[in-house]
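We begin with a single chain expressed as structure tokens, specifically the form predicted on its own.
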């Protein structure tokens, strides 16, 4: 989870990713930022994030992103 928080902070500095629960719904993560994030996650975690995974529920919080990563690693 720490590695994910570092990646999130690099992609979108200045956001408290540990407490924010509406990253997509509040517009903190927009489509371009999500594309950057997906590219980083794909490289760092060696996973494939399919278009089916690109739903707000998977990106609204660091916990949701981490849960998606764990699911895709299995």
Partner chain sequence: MTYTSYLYFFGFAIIVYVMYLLFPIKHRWKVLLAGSCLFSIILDGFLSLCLFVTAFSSYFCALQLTKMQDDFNSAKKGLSKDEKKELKNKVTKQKKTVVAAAVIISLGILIVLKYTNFFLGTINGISAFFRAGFEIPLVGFVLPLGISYYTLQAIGYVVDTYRGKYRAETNPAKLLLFVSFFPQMTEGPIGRYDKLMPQLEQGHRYNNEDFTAGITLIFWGLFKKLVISDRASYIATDVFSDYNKYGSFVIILAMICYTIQLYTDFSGCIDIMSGTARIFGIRLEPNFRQPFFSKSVGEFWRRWHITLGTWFKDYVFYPVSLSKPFMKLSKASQNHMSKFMASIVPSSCALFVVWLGTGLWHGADIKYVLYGLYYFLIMILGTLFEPVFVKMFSKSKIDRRGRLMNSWAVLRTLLLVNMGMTMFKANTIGDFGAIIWRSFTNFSMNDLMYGTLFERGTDRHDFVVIAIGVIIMFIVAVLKEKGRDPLKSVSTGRIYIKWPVMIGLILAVLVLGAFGPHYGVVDNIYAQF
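Positions refer to the first chain, counted from 1. All figures in this text were calculated on a predicted structure; none of them were measured in a lab.
Below: the form predicted in complex with its partner chain, not depicted.
Looking at residue 50, you'd find a heavy atom of it within 4.5 angstroms of its partner chain in the predicted bound form. Residue contact check for residue 54: one or more of its heavy atoms lie within 4.5 Å of its partner chain in the predicted bound form.
At the 4.5 Å threshold, heavy atoms of residue 10 reach its partner chain in the predicted bound form. Taking its partner chain as it sits in the predicted bound form, the stretch 29-55 comes within 4.5 angstroms of it through a non-hydrogen atom at 30, 31, 32, 34, 35, 36, 38, 39, 40, 42, 43, 49, 50, 51, 52, 54.
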